[in-house]
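Only one chain is given next, in structure tokens, and it is the form predicted alone.
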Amino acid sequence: MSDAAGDPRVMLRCERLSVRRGRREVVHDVSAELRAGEIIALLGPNGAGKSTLLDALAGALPAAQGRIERRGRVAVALQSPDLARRTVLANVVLALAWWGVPRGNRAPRAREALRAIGAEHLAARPAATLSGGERRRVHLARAIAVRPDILLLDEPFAGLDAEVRASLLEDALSALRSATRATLVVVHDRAEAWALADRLLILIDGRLVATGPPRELLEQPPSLEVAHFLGFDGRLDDGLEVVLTRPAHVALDPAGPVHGRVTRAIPLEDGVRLELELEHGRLYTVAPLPAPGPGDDVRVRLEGGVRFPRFEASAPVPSTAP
């Protein structure tokens, strides 16, 4: 295993990395770094190549081109939380045994990891009796317990309902944080990335199209493609530029400068999502109840958004819905 050169905080680096599955090149020319103390979220739509990139970084797939440098030991938690037919504690102890942890240290470290992820009370439970969320916690505990230098997680919150996922996200944020470890988490949902990550890597069609802190990318996406992926679904053409907006950027205001008509109203838990048709575009906003309905004329003001030159915005953008 080669060492990541240069900055001692860089635990893993890939340069001009391309990866194939069979004859098809799935990941193209990706360069990135994972640094100690960071939680990095790898985000992208279905089929973007996220799991393929993670497999290559872990060493499970060879590089078709480019190179990967690693410093220290790598642990991977795959998407499926498969557990042995033993107790929860025994499952974590087995992982530590596989890593060569001395016998006397295994049970204390296993309990420590279960405690960190909020699952210590499950230690004596047979794995077969666990719920989906409980299995995910134990799966994460195994990865944390081995104390790797580089931790790679493939969609650790997949398949959970909203309440269970929110609880696990809250516990995972503190459990995954380490000053000496670099952690890369593949996620499908943008909310998971916002909750966990110090930095995002956005992969679309196998190419790394953006990297940076979540807030920075959300406030100033570097391209039209990235803006669409990050939820900028509203569009207003002012003649010279195209303004892209998220619902949070559009506010109903009787004195607002922009006129629109409601074409769709979708009830939400705390309000209504409105689709507004404009003379030169279409906007979306979330309004509290009571809200306008389809066919109603409204006025709005913009409280943000990003601008792109009209010639750039006229190019077709592939669907990148997460």
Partner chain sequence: MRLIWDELGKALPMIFHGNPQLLDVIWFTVQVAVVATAAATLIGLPIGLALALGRFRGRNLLRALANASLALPPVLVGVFLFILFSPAAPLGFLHLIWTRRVVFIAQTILALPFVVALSAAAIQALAPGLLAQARLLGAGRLQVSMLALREARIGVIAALIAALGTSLAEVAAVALLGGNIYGYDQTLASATLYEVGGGYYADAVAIGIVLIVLILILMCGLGVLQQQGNGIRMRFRSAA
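Note that the structure is predicted; figures quoted are calculated from it, not measured. Numbering follows the first chain given and starts at 1.
What comes next is about the form predicted in complex with its partner chain, which is not displayed.
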Kindly indicate whether 164, 171 and 194 are, all three, within 4.5 angstroms of its partner chain in the predicted complex, using heavy atoms. no
Residue (of 251, 158, 107, 94) lying close to its partner chain in the predicted complex, criterion heavy atoms within 4.5 Å: 94
Selected contact from 75, 130, 224, 243, since only one has a non-hydrogen atom within 4.5 angstroms of its partner chain in the predicted complex: 75
Within 4.5 Å of its partner chain in the predicted complex, heavy atom basis, the matching stretch of 174 to 182, 216 to 224, 95 to 103, 116 to 124 is 95 to 103
Residue 139 near its partner chain in the predicted complex, any heavy atom under 4.5 Å? yes
is_contact(residue 207, its partner chain) in the predicted complex, heavy atom dist at most 4.5 Å: no
Given that its partner chain is not shown alongside this chain, does residue 188 nevertheless sit within 4.5 Å of it in the predicted complex, heavy atom to heavy atom? no
Residue 60 versus its partner chain, in the predicted complex: is there a non-hydrogen atom within 4.5 Å? yes
